[in-house]
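A lone chain, given as C-alpha cells: the form predicted on its own.
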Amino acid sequence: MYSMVENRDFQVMLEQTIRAVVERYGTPVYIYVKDIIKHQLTRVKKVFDGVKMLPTFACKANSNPWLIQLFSKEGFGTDIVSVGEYYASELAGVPSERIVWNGNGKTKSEMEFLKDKVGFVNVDSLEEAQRWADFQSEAKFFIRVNPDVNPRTHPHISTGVRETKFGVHVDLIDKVLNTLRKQGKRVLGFHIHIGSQITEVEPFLEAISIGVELSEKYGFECINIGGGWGINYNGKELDLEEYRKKVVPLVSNFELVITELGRYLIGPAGLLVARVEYVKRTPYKTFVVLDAGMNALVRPAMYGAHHGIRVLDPKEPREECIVDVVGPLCETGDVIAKNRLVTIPRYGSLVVIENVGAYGFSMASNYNGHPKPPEVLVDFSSNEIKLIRKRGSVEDLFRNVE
C-alpha cells in the first residue's frame, strides 16, 4: 500500500487493528489510517515548501466530514463539485474562503445557493460564463483551460485532452474572460487539471507550462494547478522529488497557487476488509467469493484497476493459487481481482483490499439491495478506533419511498 506499511512492526499493528475493527463492526468495512493520512499531508507540504499556496482536498475522492476535518486542521481547503460536497465541507468546519467550486454542469439552483458560500469558482465553459450574468457573487473566478495534453492515464479519468467535456479551449479564452469581466466578476487566473492517477511528471510539466505561459500573456499572478497525482496501486507512483524539481519552479513566483489533491491524500490510507464466504473451484478456475463486491469497490470493474490483496487466516499459510476474487452480486463484472496469485483462503478468512481510501465509499452503491459498509478511522498514535459512518441498513434503502 505504501512504504511505511512495509515496516514489519507497522504490519503487525495494522493486522491487530483490522481484527479489532472487524470484531466490533463486522464486514465488509472501510478502515482509514490517520497516521498514513498525516504522512501524505507532510509529503505534499514538503513538495511545495516556500510556495504561496492554498492546498485543497478534492471531496469527490472521499466526502466523509471526519476525514475532511483532518485536512482542514492542516490548513487545507476543499475542492467541491456539488451542493452535497459543500455540506460535507461545512460539517467539517472548512471556512468558505477556502472552498473551490469545480464542475462542468453547474445548475442555476446550485449557483443561487453557492454563489456566496465559496471562495473560488472554476468556470468550465463560455456557456457557464454567460450564465453567471444572472448571479452576483463575491467569489474569485478562475478559467479552467483545456490544454490538450495527454495525461497518460485511463481514458475515463483523463480530462485535459480536447475530446473531453472539460475546460475552455485556448481560442475561447478571450470570450470567456471578457464575458466574466463585463459582469464585474473578479478573475484571478487559469485553472489546469488534466486527469487523475497520473504517475509521470511530463504531462504535469507540459500542462502547467501552458498555464504559466497563458498567465504571463494575460498578466495573471494566481494559478490553480489542479491535482491528479498518482499513487502506488501496482508498483508505480508519481515521483515527488522529480515533480518538486521540474514543476514547482514554474509556479514558485505566483502570488497564489491552488492545488486540488484527492486520491494522493486519502487513497493509500484506506482499506476495505471483507470476509470470504466461499472458495469455489470449477474445472476452469477458482473463485474466492467475498461478502463485498463492486458495490463497495467499483474501480476494478469500471477501470480494470489493480488493488493489492492480502489474506488473513488462510487455509494453508504457504499455499498459493491463481484465483479470481469476486463479490456476491448478480453481475459477471462483479470482480475485485482477476487471475491474482493469493494465499488460499478458507471460509471466514478476512481479505484486506488496499488503497481504497479514494473512490471506494464515494463511488459505492446499493446495487442488488446491499446496504453500504461502515467507515472507521483508526489512529495508532492514540490507539483510537472511531466509527465515522454507521453501516447502512435495509430500512435506509427505502426511507424515501412514498
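Residue indices: 1-based, along the sequence shown. Note that the structure is a prediction, hence the values are computed from the model and not measured.
There is another form of this protein, the form predicted together with a small molecule, and it is not shown here; the text below is about that form.
- Message: Exactly one residue in Val356, Ile336, Leu67, Ala58 has a non-hydrogen atom within 4.5 Å of the small molecule in the predicted bound form; which is it?
- Response: Filtering the options by heavy-atom distance leaves Ala58.
- Find the only residue in Ser196, Ser72, Thr179, Ser125 having a heavy atom within 4.5 Å of the small molecule in the predicted bound form. Selected residue: Ser196.
- Which of 274-282, 298-306, 315-323, 238-246 sits within 4.5 Å of the small molecule in the predicted bound form, heavy atom basis: In short, 298-306.
- Message: Quick check on Phe141: any heavy atom within 4.5 Å of the small molecule in the predicted bound form?
- Response: No, Phe141 sits far enough from the small molecule in the predicted bound form that none of its heavy atoms falls within 4.5 Å.
- Message: Gly228 versus the small molecule, in the predicted bound form: is there a non-hydrogen atom within 4.5 Å?
- Response: Although the small molecule is absent here, Gly228 would touch it in the predicted bound form, with heavy atoms inside 4.5 Å.
- Item | Exercise: Glu260 in contact with the small molecule in the predicted bound form, heavy atom 4.5 Å | Close contact exists here: in the predicted bound form, Glu260 approaches the small molecule to within 4.5 Å, heavy atoms only.
- Message: I'd like to check something about Met363: if you look in the predicted bound form, is any of its heavy atoms closer than or equal to 4.5 Å to a heavy atom of the small molecule?
- Response: Yes, Met363 sits close enough to the small molecule in the predicted bound form that at least one of its heavy atoms falls within 4.5 Å.
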